[in-house]
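Encoded as structure tokens, the following chain is the form predicted alone, with no partner shown.
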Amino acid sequence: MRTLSILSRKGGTGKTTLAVHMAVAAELRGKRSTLIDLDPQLSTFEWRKARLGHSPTPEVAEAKVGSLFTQRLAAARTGVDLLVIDTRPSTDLECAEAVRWSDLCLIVVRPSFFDLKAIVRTAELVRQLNKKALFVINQAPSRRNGEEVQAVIDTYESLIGLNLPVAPVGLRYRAAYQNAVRLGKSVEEAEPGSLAAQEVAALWRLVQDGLWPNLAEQGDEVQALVS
């Protein structure tokens, strides 16, 4: 079993959206996944309620930080392949506990000054614990006349300076994500073939390669956020 943590010190960055999409991406490719919700708002449970009408998986479980070890053991015993931890904007102690049990961390950041300032400490923590991580730029605005907007370029360059890998594929600001989540689905299910679905599939390939090296599926990459 592998564990993937979705991290951000700020609220509203889209952690839960990313968490449910990675969990469903795993399920669609034959891997059994479970979501662990550490956020008191329990947003993944709301998504799960909407989902139950058409799919029983992935399962969602509420947890406290101190119970992560036992919940990981329980998930492994039931044959889960991937545990996705949806964290909350948290203190160093809570964040460190999630990172400690992770095989890969996705640090979510929007292209904004305040998000960049907030994730510096998270990046330091991941490095201190010697864990694999990827920065993922989320809610990026669309290109204008084929050119990347300056805010995305500046964010990408700032992340490079934090000495952790930056995913060349992120998620754009698209209504498709919220439409899918409202239905209890992922964009790969609700709008297969869409640009949003292609983004998720490309990001999943990076995540899968980080969790299960040499097993990432081959496929066409979408255009990188910054090229």
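All residue numbers refer to positions in the sequence shown, first residue = 1. Quantities reported herein were computed from a predicted structural model and do not represent experimental measurements.
Missing here is the form predicted together with a small molecule; even so, the following discussion is about that form.
For the candidate set 155, 138, 122, 102, a heavy atom within 4.5 Å of the small molecule in the predicted complex is found for exactly one residue, namely 138. The small molecule in the predicted complex is not approached by residue 47, whose heavy atoms all lie more than 4.5 angstroms from it. Put simply, residue 213 is far from the small molecule in the predicted complex: not one heavy atom of it is within 4.5 Å.
Among residues of the shown chain, residue 69 is not one whose heavy atoms approach the small molecule to within 4.5 Å in the predicted complex. Contact check for residue 36: no non-hydrogen atom falls within 4.5 Å of the small molecule in the predicted complex.
Proximity of 3, 204 and 208 to the small molecule in the predicted complex is absent: no residue of the three has a non-hydrogen atom within 4.5 angstroms.
Picking from 26-34, 172-180, 53-61, 155-163 the stretch near the small molecule in the predicted complex, with a 4.5 Å limit on heavy atoms, gives 172-180.
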